[in-house]
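One chain comes next, on its own, written as structure tokens: the form predicted on its own.
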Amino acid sequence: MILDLHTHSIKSDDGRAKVENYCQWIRSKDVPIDGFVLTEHRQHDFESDYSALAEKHGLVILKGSEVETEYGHVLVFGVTEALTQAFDFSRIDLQLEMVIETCEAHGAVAAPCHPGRPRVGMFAHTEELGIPKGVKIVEIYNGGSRDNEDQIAIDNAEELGYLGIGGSDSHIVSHIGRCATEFSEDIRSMDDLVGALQAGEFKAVTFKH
């Protein structure tokens, strides 16, 4: 089962894609994914219900978040009301180690995304700030990566023993599914996804040309 773990809709301040249009694009273009996770910037969207869209298009649509730390941006899977009260998702100066520790305490998973990117990627800061504690998973394939950003992520993840996920980081409809994550088990809910991530039963895949 293949899921794009990093997407943005019009709920994000810089997103230009409607969720329904993502679904239509995936089906009309035969994009090789079974669903996607909406990871809106600095928030968690508790209000939107995409279950009817998911059923109509035969796709899995889940919701996570993307938060910002001194090491760069981090995807969070398994967000609960209690977790959003434990730290302020809207801040741009969260501490990565605190985010990881707090997420684990709440049964969630935190994974630094596009870590090979300048400024907003974790590996741009490790020389100055050191290797952060608690990181287990990083995004090694990102659909918006340029130059050697993914290779930096892959090389550092391998050296440090991190597992790798993939996501398109799509902000417009046509970018969805460029990178994704393949799971050996069926993923139908966020609990399924968190369990598979915690178990390490996945691999990053890329469909970029």
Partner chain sequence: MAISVLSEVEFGEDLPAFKPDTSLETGAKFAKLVGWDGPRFTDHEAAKEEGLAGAMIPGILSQGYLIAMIHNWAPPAEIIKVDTVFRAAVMADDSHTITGVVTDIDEENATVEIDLTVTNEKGETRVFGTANVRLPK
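Residue numbers count along the first chain shown, from 1. Keep in mind that this is a model prediction, so the values were computed, not measured.
The following text describes the form predicted in complex with its partner chain, which does not appear among the structures shown.
A residue is said to contact a partner when one of its heavy atoms sits within 4.5 Å of a partner heavy atom; S189 fails this definition for its partner chain in the model of the complex, lying far away.
Its partner chain in the model of the complex comes within 4.5 Å of no heavy atom belonging to V60. S28 belongs to the set of residues with a heavy atom inside 4.5 Å of its partner chain in the model of the complex.
The closest non-hydrogen atom of N21 lies within 4.5 Å of its partner chain in the model of the complex. Checking 179 to 187, 32 to 40, 47 to 55, 144 to 152 against its partner chain in the model of the complex, the stretch whose residues place heavy atoms within 4.5 Å of it is 144 to 152. Taking a 4.5 Å heavy atom cutoff to its partner chain in the model of the complex, the contacting residues in 168 to 186 are H171, I172, V173, S174, H175, R178.
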